[in-house]
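In structure tokens, one chain follows: the form predicted alone.
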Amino acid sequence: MNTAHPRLNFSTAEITGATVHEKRCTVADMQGYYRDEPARQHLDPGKLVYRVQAWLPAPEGQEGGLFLGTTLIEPGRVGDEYFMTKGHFHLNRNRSEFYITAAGSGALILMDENGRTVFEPMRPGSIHYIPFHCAHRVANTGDSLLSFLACWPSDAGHDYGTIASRGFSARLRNINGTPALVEVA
């Protein structure tokens, strides 16, 4: 049992402590995720798009355990698409997840296995349930850092490959200053 306890900053949702793992994703890491690849190539490849902090007190893959994480997405755009996470399904498709928005504004983008895509606005205090069998990603639609907490089962796993190869059926784009889902042609 992991007895080291991290600390949570409630205003930013940042998690700190010796047992917290952090992963960073830069503009260079997002190759192939935006429709306007030339626009992405014109950005500084080292520019931070988002980072994920995770506390994993149970072994990965253990049934009955829970993980806690924070995602912090920088404001910015690639062409008319907002900075966003790569998105994923869970490897164990029967697992759900919660997101709780701490700061900023954004959109939780959900796609079911039939390709139906919707989004939910994220604002401080909003709580979002991600149903099983749904791919999910988040975009920062505001001008400041978007941060949110996540809680998911330790046996959920992550399938990033399906999204990397097929993408979402719709893209969240800035259309005349408003976030809108646009079907992929």
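The shown structure was predicted, so the numbers you read here are calculated from the model rather than taken from an experiment. Don't overthink the numbering: it's just position in the shown sequence, from 1.
Absent from the display: the form predicted together with 6-O-phosphono-alpha-D-mannopyranose. The rest refers to it.
- Using a 4.5 Å cut-off to 6-O-phosphono-alpha-D-mannopyranose in the predicted bound form, each of V52, T71 and Y160 places a heavy atom inside that distance.
- In the predicted bound form, Y82 stays away from 6-O-phosphono-alpha-D-mannopyranose, with no heavy atom inside 4.5 Å.
- Residue contact with 6-O-phosphono-alpha-D-mannopyranose in the predicted bound form: K23 places a heavy atom within 4.5 Å of it.
- At a distance threshold of 4.5 angstroms between non-hydrogen atoms, H88 is in contact with 6-O-phosphono-alpha-D-mannopyranose in the predicted bound form.
- Among residues of the shown chain, W152 is one whose heavy atoms approach 6-O-phosphono-alpha-D-mannopyranose to within 4.5 Å in the predicted bound form.
- Only one of 152 to 160, 35 to 43, 115 to 123, 139 to 147 lies within 4.5 Å of 6-O-phosphono-alpha-D-mannopyranose in the predicted bound form by heavy atoms, and it is 152 to 160.
- Counting a residue when any of its non-hydrogen atoms is within 4.5 Å of 6-O-phosphono-alpha-D-mannopyranose in the predicted bound form, the hits in 94 to 108 run E97, Y99.
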